[in-house]
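Before any questions on binding or motion, here is one chain by itself as structure tokens, the form predicted alone.
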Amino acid sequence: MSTKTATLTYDNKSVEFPVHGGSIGPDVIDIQALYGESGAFTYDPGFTSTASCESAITYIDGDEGVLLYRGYPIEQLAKDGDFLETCYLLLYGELPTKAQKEDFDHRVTYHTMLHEQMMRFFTGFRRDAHPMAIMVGVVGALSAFYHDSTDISDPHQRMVASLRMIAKMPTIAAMAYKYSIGQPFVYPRNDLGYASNFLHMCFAVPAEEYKVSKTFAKAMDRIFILHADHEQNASTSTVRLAGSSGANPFACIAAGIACLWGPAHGGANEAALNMLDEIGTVDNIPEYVRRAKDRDDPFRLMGFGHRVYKSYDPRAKIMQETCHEVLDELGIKDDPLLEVAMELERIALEDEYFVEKRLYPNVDFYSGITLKALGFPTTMFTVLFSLARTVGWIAQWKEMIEDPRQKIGRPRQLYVGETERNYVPLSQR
């Protein structure tokens, strides 16, 4: 129990609130009784100073540039582990033993097939539909096909639903891509690893054999690990809020995908790549940097700075190394986008303006270049993000469901509209 307290004085009345400390990170003031004790609410647009839940999954220290999954640094997981091992860690809290890893990999691999009737969903979309629109629709429809895993009160059904979504998301994402380019669907293969299988479903064609590059598969696996979870961000909070109402897990994940689609959230890597394209060459950088510093100019440098990280994004360095590995594999030595990116990074780390405002490169800065080099169009970038983030959403949803203190989300508001007034008949207006 907490022994610390915080005192709020309001309207000549002082109220004490308990202060809770986590295993790491800042303390939180428990204001659950605020309205009952004082008759007032807090006002916190964007919830930047509000802890909406208690969680043991992911920890971020934005000032120090730290990202931990269940206590493990993201750098170690990305360098030495693989994505399915990270999935197990996020879901169950510990790294798997060899036997647990083999069993988990097997269960995910043998759930990758989609119900054959779901193929008809794709043909219902226009060919030029954004792949994220397809993802929202198809993932939401999973609950119509898998009735045996929608009872959130049953731990076994929750586990089955979790495995199904982790397993089927690559298949759905690859089919969304294939449909958008007019190619036939490629079914999953059980002899391939998670990332390799996804790349095979995206880029193989029936007419010839496609061999997945080990470098590309490793890069894809790292991208999945780096994006697997990121604490209580907008899409994760959306999943938790939807789940708090008792909605089935497939609907909750579809809600998270819809939120991630926003350009201020999951679309940032696409925006960063578009910006590098707009800048074009290193010679144009000084002009764009000048514009970025001008408050009256609408231009903004995308891929720099972060809502949480106030120092270097720990994922960015890993993504930079991965980007170079992919470009080397492709034999791309003088990529203009990479040259612009490297020079922008140098400026951001040395220029007084960027250092003072802590506008360091983030993971989106390099992931866009890497995904483009792997062969994905920009419309698929957020789809890949949602594929990776699915396990984080599921872990957060599972944690919320199993928390006996969880209740339906219901934020309050500061009402600034009209006060009570009487209805005026239409003839008198």
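Numbers follow the displayed sequence, beginning with 1. Everything quoted here is computed from the prediction, not taken from an experiment. The term rigid core refers to the most C-alpha atoms you can superpose between the two forms while keeping them within 1.5 Å.
What comes next is about the form predicted together with s-citryldethia Coenzyme A (SDX), which is not displayed.
The site on the displayed chain is open: s-citryldethia Coenzyme A (SDX), placed by C-alpha superposition from its pose in the predicted complex, has no atom within 2.4 Å of a backbone or C-beta atom. Only one segment in the set 227 to 235, 76 to 84, 123 to 131, 240 to 248 has any non-hydrogen atom within 4.5 angstroms of s-citryldethia Coenzyme A (SDX) in the predicted complex, and it is 227 to 235. In the predicted complex, s-citryldethia Coenzyme A (SDX) sits within 4.5 Å of a heavy atom of A264. s-citryldethia Coenzyme A (SDX) is not drawn, but in the predicted complex it has no heavy atom within 4.5 Å of M165. The closest non-hydrogen atom of G305 lies within 4.5 Å of s-citryldethia Coenzyme A (SDX) in the predicted complex.
Taking the partner from elsewhere, R300 is found to have a heavy atom lying within 4.5 Å of s-citryldethia Coenzyme A (SDX) in the predicted complex. Distance criterion of 4.5 Å from any heavy atom to s-citryldethia Coenzyme A (SDX) in the predicted complex singles out F354 from the list F354, Y194, Y179, F203.
Checked against s-citryldethia Coenzyme A (SDX) in the predicted complex, the candidates H156, H147, K98, R295 yield a single residue with a heavy atom inside 4.5 Å, and that residue is R295. Applying a 4.5 Å heavy atom cutoff to s-citryldethia Coenzyme A (SDX) in the predicted complex picks out F385, R389 from 373 to 395, in order along the sequence. Relative to the superposed rigid core, the position of the CA of R126 differs between this form and the one not shown by less than 2 Å. The rigid-core alignment places the CA of F299 2 Å or more apart between this form and the one not shown. For R290, the Cα coordinates differ by 2 angstroms or more between this form and the one not shown after the core has been superposed.
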